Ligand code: SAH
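Presented below, as structure tokens, is a lone chain in the form predicted on its own.
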């Protein structure tokens, strides 16, 4: 008589969806039915109590997530099939991540010892959105306000970045009995970049017995009744509320206009192709916009198109001549940055403008300037002033001209923002990229052309 080979145990990481059994996937129900043991937070166990039959049930508290993972691993190594359940989707602030961390820490490898299957479910962002209309029709992101495991400076940076980028936001874990200030601080950060009238949906206990929905505005968000079971959806600049429904437009109005016969493609646009303001076309439009009015400046263009200053310089470099733009720009090759400064030194008299990250502007008039490079710093020295600029922040240098006359050197940081610019005083310097090439080299600016190919994009 021979002993049977040991059978691998299995862990199902099951997403239960919003809470009502009717919104669980068929695979989630099947996984629970196949399991010997079901492990989860007590509230989640209640959501599936009718599916448990005579199974072993292990209930754990809210802060015992890792204990659930170790329990699941222990039983799976005994050859049992375990369902470790989470509300929503187990991979969105759920148990999937912690379980894999515990497995890897124990020496587990996929295909050995214990089998693992992630069973997806509808996350809170999807469930809550369905109850209030269609707020997620365009780009959206999720941010948890819980600082139990994530430092608040990290959360704050993510909030402000998402707000500035105009994402629709879903805020998870917005408030609890002890954490009451996070939602107030989140509101403050969002208001730095969003209108006070931005629509906000507050959905508590979606699809559960105590479901509650409130539509409000960003300026009043923190005054509402918000708790741990609330998901907060903050709209973007185009989101609107009509007849009790919150909707974020997909963007059809950018390409089409409404007519009696239906949608009509706007002038300059093509159905099934990128917008004229898409990746390929926006730079040409920026250069053409500058060419339309002689009084328009590069700063005007940066403001008009809401793009970093270096991107406007790139647009002029690529499309200025073909559009008839009076501005010119050429990027200095990175290996010739120092040569560019030596060229500026030869102007003898120049105006230097430095901008801080906080927005402050320092302007100096220098005669016979001396540029010294010391470590990560560029020191601009004259008889009356010493100016220290972080040289390691300079990512691009541009020669900028207007009507063929050099306006100066512009140094930009990694984001394309202006860090430093130097302008000649009293000297008129003609700019010709070919003639100036003997001083230093210019970098080629990338400009791809759109290829004709099959695409899965849908208008």
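Positions refer to the first chain, counted from 1. Note that the coordinates shown come from a computational prediction; the quantities given were computed from them, not determined experimentally.
One more form of this protein should be noted, the form predicted in complex with this ligand, which is absent from this view; the next part is about it.
Enquirer: Can you work out which of 100, 172, 167, 347 has a heavy atom no more than 4.5 Å from this ligand in the model of the complex?
Expert: For this set of options, the contacting one is 172.
Enquirer: From the list 310, 203, 221, 378, which entry has a heavy atom within 4.5 Å of this ligand in the model of the complex?
Expert: Selected residue: 203.
Enquirer: Considering this ligand in the model of the complex, find the one stretch among 362-370, 278-286, 206-214, 241-249 with heavy atoms no farther than 4.5 Å from it.
Expert: Going through the listed ranges, the match is 206-214.
Enquirer: In the model of the complex, does residue 123 come within 4.5 Å of this ligand, counting heavy atoms only?
Expert: Although this ligand is absent here, residue 123 would touch it in the model of the complex, with heavy atoms inside 4.5 Å.
Enquirer: Are any of the heavy atoms in residue 305 no more than 4.5 Å from a heavy atom of this ligand in the model of the complex?
Expert: No, no contact at 4.5 Å.
Enquirer: At the 4.5 Å heavy atom threshold, is residue 141 in contact with this ligand in the model of the complex?
Expert: No - in the model of the complex, heavy atoms of residue 141 and this ligand never come within 4.5 Å of each other.
Enquirer: So, in the model of the complex, is residue 228 in contact with this ligand at a 4.5 angstroms heavy atom limit?
Expert: Looking in the model of the complex, residue contacts with this ligand include residue 228, since a heavy atom lies within 4.5 Å.
Enquirer: Can you list, in sequence order, the residues from 127-142 that come within 4.5 Å of this ligand in the model of the complex, counting heavy atoms only?
Expert: Residue within 4.5 Å: 128, and no other.
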